[in-house]
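Below sits a lone chain in structure tokens, taken as the form predicted alone.
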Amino acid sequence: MGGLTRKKLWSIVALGAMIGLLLLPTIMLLPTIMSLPALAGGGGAPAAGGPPPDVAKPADAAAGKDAGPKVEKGRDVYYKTEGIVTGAPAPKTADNSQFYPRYNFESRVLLWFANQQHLYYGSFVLAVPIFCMIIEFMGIVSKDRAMAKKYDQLAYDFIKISLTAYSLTAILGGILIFTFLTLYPAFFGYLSSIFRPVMHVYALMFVAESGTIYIYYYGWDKMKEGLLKWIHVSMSVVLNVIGTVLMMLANSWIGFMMSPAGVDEQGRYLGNIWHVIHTALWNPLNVHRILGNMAFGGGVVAAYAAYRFLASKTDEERAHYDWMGYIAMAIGVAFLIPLPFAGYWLMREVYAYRQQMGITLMGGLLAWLFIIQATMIGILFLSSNYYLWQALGRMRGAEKYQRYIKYMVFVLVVGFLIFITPHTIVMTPAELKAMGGQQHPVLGNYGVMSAKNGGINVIITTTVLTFIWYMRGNKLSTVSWAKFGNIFMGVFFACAYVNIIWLAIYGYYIPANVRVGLSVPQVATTLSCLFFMTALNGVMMRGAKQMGPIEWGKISVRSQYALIMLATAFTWMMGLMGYIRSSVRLFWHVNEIMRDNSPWAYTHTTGFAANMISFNVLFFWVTILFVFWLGTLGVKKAPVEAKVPIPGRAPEPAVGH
């Protein structure tokens, strides 16, 4: 057996092992899945250790026969179906050390810190392997050998950083569980009892992910050509499937705490684990978090590239890290653009589940946090546009777009100011009395959702236009219908702006319950620009004439600070949204099922929350800089033939969204 054949054989065996590890949790869960219909339909017997049955009388017992133990049924609080009670009710806690141990510090703040740090690193190690998969695939299909090796080296650098962060994620996960067990033993015990049927699945998936990522990393050099390379990319697909399933299982805990299902009013498990997982908010949480994780991961990698760019000593290094930062930023922004729409969907589902929760979020106790969130979103889009404008400077022929930047700045700033305008303002009782109510005579006329939706959709549409200009910066379309295509795109964008702004203004003349529906045509208009115009631009630029190469590394230092600002804003906003998502439960551990009777069952002030979020952000960036430093130790050197100037063309991943 030849050496290459032996390598192929071992690679196929390794891939088969990975697939087996992926399927193992499903096989282990099969008995539970097979029992779901019986449990959900009322068949089967209660699990051992459940509460004593005291309600239902079997028909055989009524006939005088010994039919065995009695069976108690309960009604699902969300699905309204009946199921057999197979779990204990939610514990009724009291303000004492048995349920809430004291350690001379606010337990909730300690848990907040541990949870947020684990979430940051978990999001990062979920997103980066997806980047590696995309970039490694682009290297395989690239016809340019030098470019293919550049892609391969870039993907390798990414996964090396991810490997170090993965170890920290596991450590932080252990700290988080220890914190739960120590500070909130009753709550954690109850939640574990509800999710017991899938706890072993989570553990097995984590083991499978660990094995896959280590084989994927250490097998890089052994599987770098031909069929072996395709097998290596297939392992990255398996790795990302496992990571996504882990994220979705973790989201089920959050969804259950916010919108419980699969239990009765007393919190007793009714035997259907799918109902427990598939709560009212599970699907929007999954979509929102996968987009947020990808955008966050892109921002962190872009900041790493900016850090290395600023520290570079040679033109070759600056060119490489300029290119790396651009790719990471492009991937991050590609997932940032649909993120607000996923957020709207999540908020809509919150309103549909409990209207009072939606009011608390958007118009009540937590409303001003959304003003802060709007500010952070505006910073994200402004930073992205600023970076792209600076990046035009590295392309010959892009000067023709420079004169339009001032108009785009005006549009972005106006949209940003409308987006952050509040409907009410924070006032003292004396100010409220002097004004005669909460509505300000001037400001009270603004800040409605149709106007805010108009503001953010204008910002997103402008960002799409900026990106299209960047993609054609040093190119000249050669298709016969180029003039007609440019006119059509210009008219399309103009009509889109008119439609979005007109709907935002029209919202002031219709009732509030009708106004909410205006977000649908506004979003549809923006998405049309995103997908249709980007695709049309790609067709027009196919085979385009280049007016000059892209001079990688020839970009202002200010652009790199914009990337760092982008990553910091991502990190801060993730912390803010985590706090909002948790705070909407108010004084409930599990909404309307298990009450929080600790001395900390109150909502913090906005100032305290902002300080705590800022501390989490600072701590994360200090530790991630340590991870970056570790990633520079023993860096794998690129092959000699890969050390050539990066070709003068825009990397393909940038147009893949």
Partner chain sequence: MIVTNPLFWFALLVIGVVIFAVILKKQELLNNTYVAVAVSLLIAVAYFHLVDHYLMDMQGLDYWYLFRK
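Positions refer to the first chain, counted from 1. These numbers were taken from a predicted model, which means no experiment stands behind them.
This protein has a second form, the form predicted in complex with the partner chain, left out of what is shown; the following refers to that one.
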Select from the listed residues Met471, Ala544, Leu518, Ala114 the one whose heavy atoms reach within 4.5 Å of the partner chain in the predicted complex. Leu518
Would you kindly say which of Trp345, Phe532, Tyr103, Tyr218 lies with a heavy atom within 4.5 Å of the partner chain in the predicted complex? Phe532
Given that the partner is absent here, does Ser528 sit within 4.5 Å of the partner chain in the predicted complex, heavy atoms only? yes
Please run the contact check for Lys554 against the partner chain in the predicted complex: heavy atoms, 4.5 angstroms, yes or no? no
Using 4.5 Å between non-hydrogen atoms, is Lys483 touching the partner chain in the predicted complex? yes
Heavy atom to heavy atom, is Val491 within 4.5 Å of the partner chain in the predicted complex? yes
Look at the stretches 188 to 196, 335 to 343, 494 to 502, 267 to 275 and give the one with heavy atoms within 4.5 Å of the partner chain in the predicted complex. 494 to 502
Is every one of Tyr506, Ile510 and Ala524 in contact with the partner chain in the predicted complex, taking contact as a heavy atom within 4.5 Å? yes
